[in-house]
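Below you'll find only one chain, the form predicted alone, shown as structure tokens.
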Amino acid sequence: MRKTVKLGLGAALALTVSASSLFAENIKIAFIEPLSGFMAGTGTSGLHQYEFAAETLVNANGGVLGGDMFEIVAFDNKLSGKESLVQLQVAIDQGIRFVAQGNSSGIAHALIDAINKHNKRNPDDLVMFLNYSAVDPALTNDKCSFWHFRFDANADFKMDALTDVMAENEDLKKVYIIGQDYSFGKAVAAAAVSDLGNKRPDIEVVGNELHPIIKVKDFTPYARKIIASEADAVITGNWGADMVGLGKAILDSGFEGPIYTYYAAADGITATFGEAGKGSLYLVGTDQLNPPVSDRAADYITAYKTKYPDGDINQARIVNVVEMLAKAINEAGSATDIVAIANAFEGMEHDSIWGSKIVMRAKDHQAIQDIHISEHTDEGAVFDYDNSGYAPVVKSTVKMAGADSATTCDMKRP
């Protein structure tokens, strides 16, 4: 005898939700960064920021395409180009179509080359590269790729903004340039020499050197060179532990001039400098947390710091990556048609939670946005970094920096 079971409204709704969820799929994003070793803190911080953005800005609002959720899948590349390629292949083998990376332009070059080759050989299994922090200008110039999108401002854009500020400082007569020995460090040095030569030809570059990346344990010898050069200011693109080591050595040596940086914030850097960095450290970048631009931005930061009390949003552009990817997928009507998603990205305009309008330039896939110059200080640090009481506080802004800049990109389209 057949039994009939009657369900209450609550149970019926639960079954309906359960059934509908069977048709929803997670859209996976491979996060390929250092999660162990010398730079593990930088990678782990970025991972948390991606996970939080995906969960709160996309998944909590119903996902994309009517219910598909973002899932961040972490892969440890140990800051190695070779290991990055291994992890990329593992991600592709798992069916992941979106790759996020940003720490090291050298690794970004390797990933783009591999993705270009993969997509050429596998037109039915295409992969997209979401670059949130690798800023070597070549990546959207001669090495540009249809499959690559950069959400950070490139090193040339940032140096242009930074040297505008430096040019106004009449006390600057001698500058020392120092950075990590790879493509990004070289790009920073070349841009600094060129921009200072054009804007302030009276400024003498008294030092221009590169050091091995993540291998120097004691930066004292470099600091001694800087002091001996009688430089009035230092420019560096160092990041992670290399920024901590270099900056601390310079300040401990008694250097009193400004240190102009790209990444001197959070991940222990802000706490390390503390009071010593006040009036000394300046940061160029696209992020603005202090002062917060809106209640929405402030609420987001507060929620993040509630979940990660020891964490900081030091790569705020990750939010832009997640929101713009969701927008592109919805516009394309598919999470697997990578060409359609790329086409949706091209020319996209997005109002960032951080206050800047972002335009993804179609001709080279370079995001155009505001660039800020911030000062390491405790004055106006509404949201401090490293629970230190200090943070980068915005002092000046270049609106839509690089909007009219030229590019040598010759985009090969499918």
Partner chain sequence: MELILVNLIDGLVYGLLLFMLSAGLTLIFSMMGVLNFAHASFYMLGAYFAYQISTYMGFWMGLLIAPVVVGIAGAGVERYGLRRVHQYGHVPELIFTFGLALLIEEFVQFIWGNSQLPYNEPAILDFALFSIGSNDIAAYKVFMIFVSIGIFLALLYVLTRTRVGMVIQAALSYPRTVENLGHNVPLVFMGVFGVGTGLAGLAGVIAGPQLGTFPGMAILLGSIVFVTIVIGGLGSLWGALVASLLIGWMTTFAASSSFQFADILLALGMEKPAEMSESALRDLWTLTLPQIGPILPYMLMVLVLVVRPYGLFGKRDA
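Keep in mind that this is a model prediction, so the values were computed, not measured. Heads up, when I say rigid core I mean the largest set of C-alphas that superpose within 1.5 Å between the two forms. Positions refer to the first chain, counted from 1.
Missing here is the form predicted in complex with the partner chain; even so, the following discussion is about that form.
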| query | finding |
| --- | --- |
| Single option in Y222, Y282, Y300, W147 placed near the partner chain in the model of the complex, where near means a heavy atom within 4.5 Å | Y222 |
| Selected contact from D93, D202, E168, D218, since only one has a non-hydrogen atom within 4.5 angstroms of the partner chain in the model of the complex | D218 |
| Full three-residue contact with the partner chain in the model of the complex, heavy atom 4.5 Å, for G41, A241 and G254 | yes |
| Segment that reaches the partner chain in the model of the complex - one of 270 to 278, 72 to 80, 102 to 110, 257 to 265, heavy atoms within 4.5 Å | 270 to 278 |
| Any non-hydrogen atom of P212 within 4.5 angstroms of the partner chain in the model of the complex | yes |
| Exercise: R97 in contact with the partner chain in the model of the complex, heavy atom 4.5 Å | no |
| Contact of G389 with the partner chain in the model of the complex (heavy atom, 4.5 Å) | no |
| Distance check, G355 to the partner chain in the model of the complex, heavy atom within 4.5 Å | no |
| CA of F219, rigid core aligned, shift of 2 Å or more between this form and the one not shown | yes |
| Core-aligned C-alpha movement of D252 between this form and the one not shown, 2 Å or more | yes |
| Core-aligned C-alpha movement of E230 between this form and the one not shown reaching 2 Å | yes |
